[in-house]
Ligand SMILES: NC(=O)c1ccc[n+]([C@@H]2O[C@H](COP(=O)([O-])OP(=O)(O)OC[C@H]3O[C@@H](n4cnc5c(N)ncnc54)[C@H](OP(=O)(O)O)[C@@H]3O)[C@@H](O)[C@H]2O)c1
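Before any questions on binding or motion, here is one chain by itself as structure tokens, the form predicted on its own.
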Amino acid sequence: MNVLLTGANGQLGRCLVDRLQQNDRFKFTALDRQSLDISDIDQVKAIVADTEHDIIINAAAYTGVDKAETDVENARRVNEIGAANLAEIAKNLGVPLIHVSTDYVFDGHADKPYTETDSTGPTGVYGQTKLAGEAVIQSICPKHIILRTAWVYSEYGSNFVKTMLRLAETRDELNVVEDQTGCPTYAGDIADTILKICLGISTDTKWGIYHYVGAIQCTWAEFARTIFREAETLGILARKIVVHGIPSSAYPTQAERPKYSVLDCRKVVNAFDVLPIELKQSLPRMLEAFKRQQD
């Protein structure tokens, strides 16, 4: 299968490249932001339409949740216009588009895991532009898989796990939000899931929206404590770090964070035979990869 990947230099993009390189069932072209500005339709036409690919994976996104509140146009250019451009090209080429979206399309006020058919209601610009991107893909490209995920971490880029490890270098105690709940999700597991979806696409595929997140739900403070325990076990940390749980009100941010971001994954499990992975399995794999980078 010949894959075109956009957003190749992000967390998920780099994990996808790693796995594409290791799997001889795929050939691929990986494009980062410098290689392709997906918001520029002329670039998209020139670069994407002139290639022969069986599927397009869009991992490109504007992910600055707080920055988006004042950088609305750029967030919209990538998350909505870019998504529309790729959907148009995929439709014209007759190939499927796999597009990665987010839990931020919901308002975070639920008390049970969100399903794909639950009402959306983003509270900030990031979520609004990602939801708009979903809508334009659905309206333009018949063959689409929109994969919503949440709380993404990896050995690449900036994320919560790496931030916690950096802060632990100089602090013995940390205050971490304890009234927001979600499912930490390793980008490597998302990449594995996407490639399994690619290989599972057939004439019977039910196109549309799917959810995929890690198997365990927790608060940010609970996640931080787990990170430090695993990092200590692996020798990344030489001492114990104390985590104090605090309310969101004690850590104000420009954009409102969802209080509850747990996504129901039953639909993707049943359709593509994938499984959400336990944090106790994924986090050590990520930390070991991170440790190799430091050695």
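Just so you know, these numbers come straight off a predicted model, no measurement behind them. Start at 1 with the first residue shown and count on from there.
Although it is not shown, the form predicted together with the ligand is what the next lines describe.
Residue stretch of 166-174, 151-159, 203-211, 107-115 approaching the ligand in the predicted bound form, non-hydrogen atom distance within 4.5 Å: It is the stretch 151-159.
4.5 angstroms heavy atom contact with the ligand in the predicted bound form for residue 125: No - in the predicted bound form, heavy atoms of residue 125 and the ligand never come within 4.5 Å of each other.
Distance check, residue 11 to the ligand in the predicted bound form, heavy atom within 4.5 Å: It does: once the ligand is placed as it appears in the predicted bound form, residue 11 has a heavy atom within 4.5 Å of it.
Partner proximity in the predicted bound form: residue 78 to the ligand, non-hydrogen atom cutoff 4.5 Å: Yes, contact at 4.5 Å.
Proximity of residue 230 to the ligand in the predicted bound form, heavy atoms at 4.5 Å: The answer is no: residue 230 has no heavy atom within 4.5 Å of the ligand.
The ligand in the predicted bound form reached by all of 53, 93 and 140, non-hydrogen atom within 4.5 Å: No: no residue has a heavy atom within 4.5 Å of the partner.
One residue of 36, 265, 30, 237 in contact with the ligand, assessed in the predicted bound form (non-hydrogen atom, 4.5 angstroms): That would be 36.
The single option of 193, 180, 101, 217 touching the ligand in the predicted bound form, heavy atom within 4.5 Å: By the 4.5 Å criterion, the partner-contacting residue is 101.
Residues from 37-73 in contact with the ligand (non-hydrogen atom within 4.5 Å) in the predicted bound form: Result: 37, 38, 39, 59, 60, 61, 63.
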